[in-house]
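First, one chain by itself in C-alpha cells, the form predicted alone.
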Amino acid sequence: MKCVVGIDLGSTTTKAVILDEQGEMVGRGITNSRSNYEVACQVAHQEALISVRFAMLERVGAASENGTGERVKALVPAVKSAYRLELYLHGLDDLEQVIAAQMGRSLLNRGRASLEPSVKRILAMARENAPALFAANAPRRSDFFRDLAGAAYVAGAEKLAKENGEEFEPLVAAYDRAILEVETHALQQDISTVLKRAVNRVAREQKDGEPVALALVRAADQALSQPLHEVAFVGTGYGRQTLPFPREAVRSEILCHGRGAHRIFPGTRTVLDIGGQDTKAIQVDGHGVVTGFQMNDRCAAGCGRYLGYIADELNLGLHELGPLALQANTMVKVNSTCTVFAGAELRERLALGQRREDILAGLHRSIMLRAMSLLARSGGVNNEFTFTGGVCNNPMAVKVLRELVVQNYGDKIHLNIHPDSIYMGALGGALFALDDLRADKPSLLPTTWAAGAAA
C-alpha cells in the first residue's frame, strides 16, 4: 500500500498522520516532544505505523476461518493494550539501566550503595503493577511513558519512605535525572517484533480453545506481511525547521492547520488553534486556502505551556484544570497571563482565601480573551468556526470560547470541536504530501531516518 505522512512537531507534542492514496486517514501517532526532536518524530511516526498495522489486523482477523473471525476481531483491543504494556516494560528496563549508569558516575556515586537497591525495588513494583495499568477495564491514562512511569515511580518511592524510612527526595531525583536521557532514546526494536510479543501475550491468555489463539497469531502474521510504501513526507509545526526533512518537504503550520481543519469540517472559514507555544487565528476560503492570519508574537502567554505551568503550581494534572474550573461559583479577574508572573498572582489569590475553582475560571477567561483579540485582528469569526489544538480538549476553554463568540458575533456561528483536533496540523501536512504524490513530484523522504524502516 502506498501512503503519505504528515508530521507536526509541536513544542509540547509531536503528531504523525498517515494517509493512503485515496486520502483516507489510515494511521496516526502522538508523543511528547522530548528534549530530542528527532527521536520525537521517530516515535510519533512509529505510533502512526503501528496504528496502521492494528487496522490491518482487525480487518484480516475479521476474515479468519472456522467461525473465529468475530472472536479474533474482538481481541484486537486487548492486543493494543498488550502492545502498550510491552512498550512500557521496555521503557522501565531502559530507565533502570540509565539510573544505574548515572549512579556509577563520580558525582552520583556517593549514595549508590543505599539508593540502587531501593531503585530496583521501586521499578520491580512498577513492573508488577504494569498489567493493571493496561487491563481492559483500566481507565485511560496518559499516552506518554514519562507520565505513567513517573506516577508509578513516585508511588513506589513514597511506599518505601513510609515503610523503611527511605529518603524520598534522592530517590525521586534519580528518576528526574534519568527520564531526560531515557526520552532521547528511540525504540531499538522493530515495532513488528513488539507487536508479535503482544499478540503472543494475548494468545496465551485465551481460555476458550486453541483455534482462536492460532487464528489471532495467523492474522497478525498476515497483517504484518503486507508492505507499506511511504512515498512522501511533509513536516510542519513549531519545531519544523529542526525536522530531518528536505526544505521542500517543510510547510507552514498556518497552512497545515487551516487545511487540516477544512478537511475535517469543509464548512470551516475561521480556525483558532491553541497549541503549547502559540495561538493562531486563521481565515480560510472554501478550498481550505489561508486568506489571513494572526499569531501571538511575544511569548507563550495564554497557550498550553501557560496552562501546564498553572497545573504544576497547583500540583494537578493538566487534564484536571478544565473540569475543576467548571465548578467555579464566580470568575475571579486575573491581571496577568504572563507565565512569569501568573504563579505569583495565583499564590497571592490563594493566600487571600479565594477558591482554586474561581481563580481557574478567571484564568481560562483571560486566555480566551487573548484568543478573541487575535481572531478580531485576523478578520473576526466567520461561519463555520473550528477550534483545534490541545487546548480544544479543555472543557472550560471551550465553554468560555462559546460564550465569548455569542457575545461578540451572535448565536448563529457554528463552532466545530473534534476529538482529534490535536492532529489537524499533521493532517494538513499529510494532505500537502498527497498533493506531491498526485503531482508526481520526486519523493521527499526524511534525510536521517529511514521511512518505513520499522513498518
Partner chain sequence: MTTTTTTVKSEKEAQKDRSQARQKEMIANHFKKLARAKEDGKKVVYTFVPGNLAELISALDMLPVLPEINALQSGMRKRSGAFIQEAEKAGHSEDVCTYVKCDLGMLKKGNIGPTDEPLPPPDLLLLSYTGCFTFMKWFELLREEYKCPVVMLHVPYQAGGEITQEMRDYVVAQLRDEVIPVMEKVAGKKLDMKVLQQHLALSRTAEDALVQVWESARHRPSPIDGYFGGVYYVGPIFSSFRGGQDAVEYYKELLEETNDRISKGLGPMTPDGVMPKEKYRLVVEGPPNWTNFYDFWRMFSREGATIVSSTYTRVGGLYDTGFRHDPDKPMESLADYCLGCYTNLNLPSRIDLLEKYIKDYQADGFLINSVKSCNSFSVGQLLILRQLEERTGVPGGFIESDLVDPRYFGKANIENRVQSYLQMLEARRNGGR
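Numbering follows the first chain given and starts at 1. If you're wondering where the values come from, they're calculated on a predicted model, not measured in any experiment.
What comes next is about the form predicted in complex with its partner chain, which does not appear here.
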Give a yes or no for Tyr88: in the predicted bound form, does one of its heavy atoms lie within 4.5 Å of a heavy atom belonging to its partner chain? no
So in the predicted bound form, does Leu187 come within 4.5 Å of its partner chain, heavy atom to heavy atom? no
My question is simply whether Lys207 lines the interface with its partner chain in the predicted bound form - judged by any non-hydrogen atom within 4.5 Å. no
Should Arg377 be classed as touching its partner chain in the predicted bound form when contacts are defined as heavy atoms within 4.5 Å? yes
Taking 4.5 Å between heavy atoms as the contact cutoff, choose which of Phe144, Phe293, Phe134, Phe265 touches its partner chain in the predicted bound form. Phe293
Give me the residue from Leu160, Leu318, Leu255, Leu228 that has a heavy atom within 4.5 Å of its partner chain in the predicted bound form. Leu255
Tell me which of 115-123, 75-83, 239-247, 265-273 has residues with heavy atoms within 4.5 angstroms of its partner chain in the predicted bound form? 239-247
Would its partner chain in the predicted bound form be within 4.5 angstroms of a non-hydrogen atom of every residue among Arg259, Val289 and Asp435? yes
